[in-house]
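Just one chain is shown here, as structure tokens, and it is the form predicted alone.
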């Protein structure tokens, strides 16, 4: 440890290396409450700095834990000894090219900051995790992030054209992977391999991202249904109507009740909630909005709030309950904990075919009764991605019971034709689930292939060790 830190301070300067344990502790945890430990935090400011870090780590056999803003929820940003490499100072937007439809950015650029710049040009980067105000490009690449627009725009794998990565080898080798063009054949697709690799293969130092035009106009509807069957009827009708919403969000009635406590809303949220957003041309906005309202009413929605444009939707608080899902989960767990007790929020991230969502919800609620837990349930119904969650109070709740619930939820996803992680990654918490998933498909050998790929990229196993594989 001492040798590695001395070399890093000498080679980078003391301003870029901190061993202050109070500061280090802040970089060693995730919002879920998972806490790790590290020797130091290093703050590179250039690709050359990253190469120095990688080379030094290789010389001294020091584990490296890359980090954007640590908003991950599967343990993939939690260190276990070694050094945290925070990319927060590598936060420049290097190029915006509207004609080519891409941007070149450093990994520490925050997604909302990128979109603030792009909006001036009438463009956007469409991947929008709930933590987009602080989530960084590098973290989103490593995690394969998704978000509220996933129903139409998918995840990071659709939007990353190329990456620069630094390898943890004797040279700190810099690789420039991918292209600045949509069509790009360079043998094996190593760019796609990096997306979702959770920092286990290389340190991302630059990215070429596709961008999309901002929609001409948008319409929104927030609807509350008396039961999940009627909500799914509306969802099915939407899909059959050939409307392609960019946003289709869901929360069940119990979670709506929990998440809306203490919120100052101009409406009373009650029932199973569906939030719909549709991109339209300006002339069609009122017609589509009326058609959407009629469709929701025809399928039993008891309350519908509509909005023309994102600003009206914000004024009417259409997004507020959905955006408060994690905060509501954590807040209610804190209330239950009382002063002085630590909490964790275990958030699942399963995905099933959208047609199987009702069955998934039913079976998750059955687990609630089986384990005697309070389960919060919401997610991205448009792509079948559900986020059931349970709060744990230290010294009160049995974490082993919650871990068994967590595993059972993953099993449900696989049994219904889905998988154990949609956008949060594998990290520490889902390694057993990944094994179950692959074994269920008769593809367990994929794990050994992943391990071999890891060894080729990272021969000493220094990059985010213990994660994913």
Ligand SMILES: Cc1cc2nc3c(=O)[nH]c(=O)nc-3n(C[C@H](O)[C@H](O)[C@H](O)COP(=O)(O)OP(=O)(O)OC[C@H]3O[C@@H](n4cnc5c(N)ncnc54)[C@H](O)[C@@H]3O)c2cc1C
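Fair warning: this is a prediction, and the values are worked out from it, not measured in the lab. Residue numbers count along the first chain shown, from 1.
Same protein, other form: the form predicted together with this ligand, not shown, and the subject of what follows.
Taken together, the three residues 4, 36 and 83 lack any non-hydrogen atom within 4.5 angstroms of this ligand in the predicted bound form. The listed set 199, 378, 391, 150 contains one residue whose heavy atoms approach this ligand in the predicted bound form to within 4.5 Å, identified as 199. Screening 73, 103, 351, 273 for any heavy atom within 4.5 Å of this ligand in the predicted bound form leaves a single hit, 73. Heavy atoms within 4.5 Å of this ligand in the predicted bound form are found in exactly one of 185-193, 280-288, 74-82, 94-102, that being 74-82. Looking at residue 131, you'd find a heavy atom of it within 4.5 angstroms of this ligand in the predicted bound form. For the chain shown alone, residue 87 is a contact residue for this ligand in the predicted bound form, at least one non-hydrogen atom being within 4.5 angstroms.
Interface residue remark: residue 433 is not counted as part of the site for this ligand in the predicted bound form, having no heavy atom within 4.5 Å. Contact annotation for residue 203: at least one heavy atom lies within 4.5 Å of this ligand in the predicted bound form. Looking at 1-39, the one residue that comes within 4.5 Å of this ligand in the predicted bound form, counting any heavy atom, is 31.
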